[in-house]
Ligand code: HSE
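This document starts with one chain, in the form predicted alone, laid out as C-alpha cells.
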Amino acid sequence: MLKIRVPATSANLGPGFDCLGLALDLWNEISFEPADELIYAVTGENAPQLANPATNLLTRSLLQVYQRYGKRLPGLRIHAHNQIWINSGIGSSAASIVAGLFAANELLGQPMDLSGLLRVASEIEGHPDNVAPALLGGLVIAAMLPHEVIWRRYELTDLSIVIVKPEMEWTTAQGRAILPDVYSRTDAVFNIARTPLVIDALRRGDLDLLQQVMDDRLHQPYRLKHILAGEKAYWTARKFGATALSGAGPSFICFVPAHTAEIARRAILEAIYEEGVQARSLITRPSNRGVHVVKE
C-alpha cells in the first residue's frame, strides 16, 4: 500500500499574485491499494462532492501520468481523508492535482523529478502558486516559462496563522472573472516593490515588516467587494496582523503573534457574524514539508 499526505496552501500572500505560495500544516491523506478496478472513496471535507472518480482532480491527474508514459492504469482502491476545505482559497484543487501526480509517479518508479512534476501540475492548474508549495513545502516563488517552471523554495520559521472563511459559494473561476484585463503602471509597480519584501519578511519571521508590505492592488480590491462581510473581516483582521485574501478567497489569512492567535480568530469571526454571515476558522502554521510518502 502507498499512503501519502499533501498540504493545504495559501497563494498570492498579498502582492505575490499567481507566483507566490505557502504550504500550511493542514493535510489530506490518501492511500492506494491494489484492486480489481478503480475504486475511489473519500471521507472528511465535502466527501459527497468529491466521490466521483470520473470528475475528481486526483484520479484524473493520476491517469494523466499513466497516459504520459503509455501505461495502463491498474485497478486501485483509493481512499482520501480530506481536511482541506474546498472552494476556500487554501489549495484544495492544487492538493488533489499534486496528490494524483505524486502517487502515480511513485507507483511507476519515479520517472519524473520534482521539476517535472511541478511543470505538469502547473499545466493542469494553470499557474504554479498553489501547486508549487503543495509539492515542495515551505514558501515558494515560481514563474512559468514556455517549457519549464523556474522556482525557488525557502524554509520558514514557526509562524502563527489564522484562517477564516465566510461561508459562501465561491470558486477560483468566479474570482478570476471579476478581475480587470489591464492594470495601471502605478498598480503594477506597487505590487512588484512589495513582493520581495513579503518574501524577506516571511523568511525572517518579521511580522512588523510583513504588516507594512502585504497590501495588493491587482486582485484584492476587486474580490473583496464580492465576498460576504469581506471588507469588515479584512479590516478587523488587519488590527491583529498582516492580512490578505488566501488565494482567490473567500478565506482570509492573517499572520499574528502566537499569543494573540485565538483572540484574533474570535474577533474576525465576530465581525463576520455581525454582518449576518456564517463562517469557519482554524489556527495553523507554515509547513516546510510538501507532499510526501507516509511511512507505516
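Throughout, we count residues from 1 along the sequence that is shown. Since the structure is predicted, the reported quantities are computational estimates derived from the model, not experimental observations.
Keep in mind that the form predicted together with L-homoserine (HSE) is not shown, yet the notes after this line are about it.
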(message) Just to be sure I understand the contacts: of Arg204, Lys225, Lys71, Arg176, which is the one whose heavy atoms reach within 4.5 angstroms of L-homoserine (HSE) in the model of the complex?
(response) Arg176
(request) Counting non-hydrogen atoms within 4.5 angstroms of L-homoserine (HSE) in the model of the complex, say which of Gln83, Ser160, Thr172, Asn191 makes the cut. (result) Thr172
(message) For the interface check, one of 74 to 82, 124 to 132, 105 to 113, 180 to 188 should have non-hydrogen atoms within 4.5 Å of L-homoserine (HSE) in the model of the complex; which one?
(response) 124 to 132
(message) Even though the partner isn't displayed, in the model of the complex is Gly247 close enough to L-homoserine (HSE), meaning a heavy atom within 4.5 Å?
(response) yes
(message) Within 4.5 Å, heavy atoms only: does Ala11 come near L-homoserine (HSE) in the model of the complex?
(response) yes
(request) Give a yes or no for Asp18: in the model of the complex, does one of its heavy atoms lie within 4.5 Å of a heavy atom belonging to L-homoserine (HSE)? (result) yes
